[in-house]
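A single chain, nothing else alongside it, follows as structure tokens in the form predicted on its own.
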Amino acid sequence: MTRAPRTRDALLGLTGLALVVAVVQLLPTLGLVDPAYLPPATEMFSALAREVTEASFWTQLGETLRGWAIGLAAAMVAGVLAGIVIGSVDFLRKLTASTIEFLRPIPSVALIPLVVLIYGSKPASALVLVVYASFWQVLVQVLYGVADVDPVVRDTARSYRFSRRALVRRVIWPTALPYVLTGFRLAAAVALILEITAELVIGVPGLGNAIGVAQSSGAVALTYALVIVVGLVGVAVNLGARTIERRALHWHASIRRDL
């Protein structure tokens, strides 16, 4: 994609965002919505401006990002290793197919009572939920990637007596890498959702917990301001994941078409 279409898309995105802010400002101002439930956008941004001057805000943001990063890293390592091992062995793939399809649809929030029972409101509870939800995103993508390896190329490598390590590094990994990065992008978003959910529901320290405290204390504008921060973090996570994907796959046809 050339620079002009990117600029046009960015401007359209900003225009859409400005329209949403204008609607949020007008609805309570015109009396169409009770300001007690939806304060004007100016009040939200004022609350946000005050909040970012507090040291506690940055501590909570750091706790959320730390929990997200650790959980995502653990899910990536476990998902990639398990995906390559299971996907490379036909027996293991058939043996685990039913188990994966059974466990994967279970929502992580359904595990909240269990992790609270085991870890209480400690960060370990959020970590378990984040890893569980993100792991499946990575594992399934890696399994698709390993299955996409050309059987002729695989058999040729074996006929040349490639070691298992060489087979993974020179044949499986280049084919699976686009799938791994897709799994990374999906897992990054899921990990953030589960981290915020765990903080909000369980009370693990972080932005989610701050949102719960603001809501229960009646600080409506601050509640919306913190939600805006979570949205901005989500945008940053998505942009970061896409940047990593583009740089790691600069040689891939799907990325070269977008350049």
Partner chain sequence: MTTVATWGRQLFWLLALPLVLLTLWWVASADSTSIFWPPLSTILEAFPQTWDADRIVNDALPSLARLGIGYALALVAGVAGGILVGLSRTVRALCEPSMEFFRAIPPPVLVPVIALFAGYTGSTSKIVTIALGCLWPILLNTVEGVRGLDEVQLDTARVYRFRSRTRLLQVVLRGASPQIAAGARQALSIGVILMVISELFGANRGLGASIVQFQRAFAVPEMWTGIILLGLIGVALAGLFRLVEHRALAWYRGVRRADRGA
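Numbering follows the first chain given and starts at 1. If you're wondering where the values come from, they're calculated on a predicted model, not measured in any experiment. We call the rigid core the largest set of C-alpha positions that still match within 1.5 Å between the two forms.
Form predicted in complex with the partner chain: not shown, discussed below.
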Evaluate D150 for contact with the partner chain in the predicted bound form, applying a 4.5 angstroms cut-off between non-hydrogen atoms, and reply yes or no.
no
is_contact(V235, the partner chain) in the predicted bound form, heavy atom dist at most 4.5 Å:
yes
Heavy atom to heavy atom, is G240 within 4.5 Å of the partner chain in the predicted bound form?
no
Hey, in the predicted bound form, is A41 touching the partner chain, heavy atoms inside 4.5 Å?
no
For the chain shown here without its partner, which stretch in 150-158, 77-85, 116-124, 163-171 has non-hydrogen atoms within 4.5 angstroms of the partner chain in the predicted bound form?
116-124
Taking the partner chain in the predicted bound form, would G31, V52 and R246 all count as contacting it (heavy atom within 4.5 Å)?
no
Going by the partner chain in the predicted bound form, which residues of 77-109 come within 4.5 Å of it through any heavy atom?
F91, K94, L95, T96, S98, T99, E101, F102, P105, I106, P107, V109
Align both forms on the core first, then report whether A236 has a C-alpha shift of 2 Å or more between the shown form and the other one.
no
